[in-house]
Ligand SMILES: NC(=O)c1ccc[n+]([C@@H]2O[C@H](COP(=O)([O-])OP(=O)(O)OC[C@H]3O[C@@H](n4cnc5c(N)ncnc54)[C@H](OP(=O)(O)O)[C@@H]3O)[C@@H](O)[C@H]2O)c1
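Before any questions on how it binds or moves, here is one chain, the form predicted alone, in structure tokens.
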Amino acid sequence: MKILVTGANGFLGYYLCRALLSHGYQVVATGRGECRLPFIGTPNFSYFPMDLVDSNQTRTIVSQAAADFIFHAAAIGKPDDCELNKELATRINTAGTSLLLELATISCTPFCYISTDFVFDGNSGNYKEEDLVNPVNHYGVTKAEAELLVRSYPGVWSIVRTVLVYGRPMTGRSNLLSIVQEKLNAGQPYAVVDDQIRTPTYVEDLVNGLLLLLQKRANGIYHLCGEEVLTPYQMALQTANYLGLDPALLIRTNSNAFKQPARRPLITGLIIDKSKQELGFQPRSFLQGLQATFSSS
């Protein structure tokens, strides 16, 4: 089976491509710019630069790929970048998804869209799949708009919402845990918010959930994230203690202390009962995620 993965150069893209290859799938990876993945020369792997803003390039590559399934993970994923360049964010996150859906419709290729907890306003938390979206920043707006497009797709479709994905960076982009390690190893203080509530997700758990979804041809919206409710500060504190670094270097703060272009929703924990029951999804604990993240560091 041939799988098309967009956004393959990203944090999730590396782990998803690696898992698909290990399960014997043929992977057609795409991303902006040259390949940053270490799979060149690996059997069943090919990579093509593909900018979703370039409709002609996208049409050519998707047509030639003739995939049996599409994982659409490409996006401008940093909320502040989206807020500062709303037009580009809309062109990639929303219009780019629309174009891919149009091309997928030709052969009715099953389509999985990777979304985010940021489609919610964060006023309550513990969101279920059917809860109404109400984004508070432009990143969330573009993702919510793309979700609506996916839900109108005539073929098999799925939307996967996830939360604060962490793990060992493999293609250059840092995440909270790796930043804590880097800062504290250097003896530098690091300010972390303690008023944003999340259900953080170990990246390989997310990938395992995506594989289950692929195997079951699941249709609909699924929440794939961890079960533990933690703030970024609590995550950072556990990371420091696990690595034997000085937790006193962590500065406990709140969202108001940061002057960021994009507002963050405060409470966005997701309920994963549906994914556990229908997919057999079972995420590991945050401690187990820490152990997996740093086991080979």
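Position 1 is the first residue in the sequence shown; the rest follow in order. Every value quoted in this text rests on a predicted model; they were computed, and no experiment measured them.
The protein also exists as the form predicted in complex with the named molecule; that form is not presented, and the subsequent description refers to it.
Quick one: which of 184-192, 119-127, 156-164, 104-112 gets within 4.5 Å of the named molecule in the predicted bound form, going by heavy atoms?
The contacting stretch is 156-164.
Is there any non-hydrogen atom of A66 lying within 4.5 Å of the named molecule in the predicted bound form?
Judged by the heavy-atom cut-off of 4.5 Å, A66 is well away from the named molecule in the predicted bound form.
Contact test in the predicted bound form: G77 vs the named molecule, heavy atoms, 4.5 Å
Judged by the heavy-atom cut-off of 4.5 Å, G77 is in contact with the named molecule in the predicted bound form.
Answer yes if any heavy atom of N9 is within 4.5 Å of a heavy atom of the named molecule in the predicted bound form; otherwise answer no.
The answer is yes: N9 has a heavy atom within 4.5 Å of the named molecule.
According to a 4.5 angstroms non-hydrogen atom cut-off, is K216 in contact with the named molecule in the predicted bound form?
It does not: once the named molecule is placed as it appears in the predicted bound form, K216 has no heavy atom within 4.5 Å of it.
Please tell me which of A257, I251, V53, V229 lies within 4.5 Å of the named molecule in the predicted bound form, judged by heavy atoms.
It is V53.
C225, I92, A146, V180: which sits within 4.5 Å of the named molecule in the predicted bound form by any heavy atom?
By the 4.5 Å criterion, the partner-contacting residue is I92.
Identify whether the named molecule in the predicted bound form is within 4.5 Å of every residue in the set K2, H23 and Y202, based on non-hydrogen atoms.
Contact check failed for every one of K2, H23 and Y202.
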